[in-house]
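Presented as structure tokens, the chain that follows is alone, the form predicted alone.
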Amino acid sequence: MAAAARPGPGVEELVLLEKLLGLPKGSKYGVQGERKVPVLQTNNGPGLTGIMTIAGYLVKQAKKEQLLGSTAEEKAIVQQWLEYRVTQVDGSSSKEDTRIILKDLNIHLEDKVYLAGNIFTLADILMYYGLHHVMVDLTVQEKEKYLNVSRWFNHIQHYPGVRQHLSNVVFIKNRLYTNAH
């Protein structure tokens, strides 16, 4: 049985993104190479390769370019976080890698609502999808340690259409029991 029959995480995210963007179903995805890099077969010519390339293409197909940023600076920041997602998050393999990523994000999100500042972008969507499996496994103490990441993640998972079939990650908002008697 060929292992390539099951889509990689990148393909699954692209299908979620398509649905979120309101695009019709039916895109033909495949994967290539050992790292299972997503490939989208387009009608005209060679396929598009890589999650960020395909995601950008889907956003443009859906005519929702605002998700890529409005100003030159916003576009660059969105691109920066998409790159971070592919190079750091997707490349992380150890608990230590994950801890560094969460620490970096926690510092960055200290005074921001979204990764690119005050606007919801493709970077938020794909970082949410990329971190979902990490956040599901965090303990309550770890979620509290990375409070800004937890706040951001909880906000994104409640953004209309983003979470879809992914499990809701629970964040404790208040302590039921305190030491005060």
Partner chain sequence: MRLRLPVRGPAALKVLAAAAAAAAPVELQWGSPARERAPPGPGAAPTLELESGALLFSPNAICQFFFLRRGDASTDLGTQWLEWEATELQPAATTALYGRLVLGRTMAEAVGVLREPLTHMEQSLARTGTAFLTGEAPSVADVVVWGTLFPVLQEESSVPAELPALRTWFRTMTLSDPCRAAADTVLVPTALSELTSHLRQQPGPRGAGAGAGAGSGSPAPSPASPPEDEGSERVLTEAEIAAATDAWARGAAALPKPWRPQTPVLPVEGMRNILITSALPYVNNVPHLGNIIGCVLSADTFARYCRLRNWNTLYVCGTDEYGTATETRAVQEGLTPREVCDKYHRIHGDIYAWFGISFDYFGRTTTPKQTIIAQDIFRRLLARGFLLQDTVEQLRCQLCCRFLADRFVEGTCPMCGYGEARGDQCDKCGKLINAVELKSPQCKLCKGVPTVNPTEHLFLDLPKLQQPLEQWLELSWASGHWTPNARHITRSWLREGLRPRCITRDLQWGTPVPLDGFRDKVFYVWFDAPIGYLSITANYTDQWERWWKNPEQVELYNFMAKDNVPFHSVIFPCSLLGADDNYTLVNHLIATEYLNYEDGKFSKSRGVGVFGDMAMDTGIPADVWRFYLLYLRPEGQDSSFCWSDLMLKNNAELLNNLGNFINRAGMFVCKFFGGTVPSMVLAPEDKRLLARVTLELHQYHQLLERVRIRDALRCILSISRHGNQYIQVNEPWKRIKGGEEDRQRAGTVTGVAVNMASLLAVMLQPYMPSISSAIQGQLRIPPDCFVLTHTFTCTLPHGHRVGTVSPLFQKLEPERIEALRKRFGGGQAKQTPPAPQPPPAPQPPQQELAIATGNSPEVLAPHGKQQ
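Small disclaimer: the values here were computed from a predicted structure and weren't measured. Numbering follows the first chain given and starts at 1.
The following text describes the form predicted together with its partner chain, which does not appear among the structures shown.
Chemist: In the predicted bound form, which of the listed residues (131, 125, 51, 67) lies with a heavy atom within 4.5 Å of its partner chain?
Modeler: When its partner chain is considered in the predicted bound form, the option within 4.5 Å is 51.
Chemist: Wondering, does residue 35 line up within 4.5 Å of its partner chain in the predicted bound form on heavy atoms?
Modeler: Flag for residue 35 set to yes.
Chemist: Taking any heavy atom pair closer than or equal to 4.5 Å as contact, tell me whether residue 96 reaches its partner chain in the predicted bound form.
Modeler: Output for residue 96 is no: heavy atoms all beyond 4.5 Å of its partner chain.
Chemist: In the predicted bound form, does residue 60 come within 4.5 Å of its partner chain, counting heavy atoms only?
Modeler: Residue 60: contacts its partner chain in the predicted bound form.
Chemist: Even though the partner isn't displayed, in the predicted bound form is residue 46 close enough to its partner chain, meaning a heavy atom within 4.5 Å?
Modeler: Yes, contact at 4.5 Å.
Chemist: What residues, if any, in 78-111 have a non-hydrogen atom within 4.5 angstroms of its partner chain in the predicted bound form?
Modeler: Those in contact are 79, 80, 81, 83, 84, 86, 87, 88, 91, 93, 97, 104.
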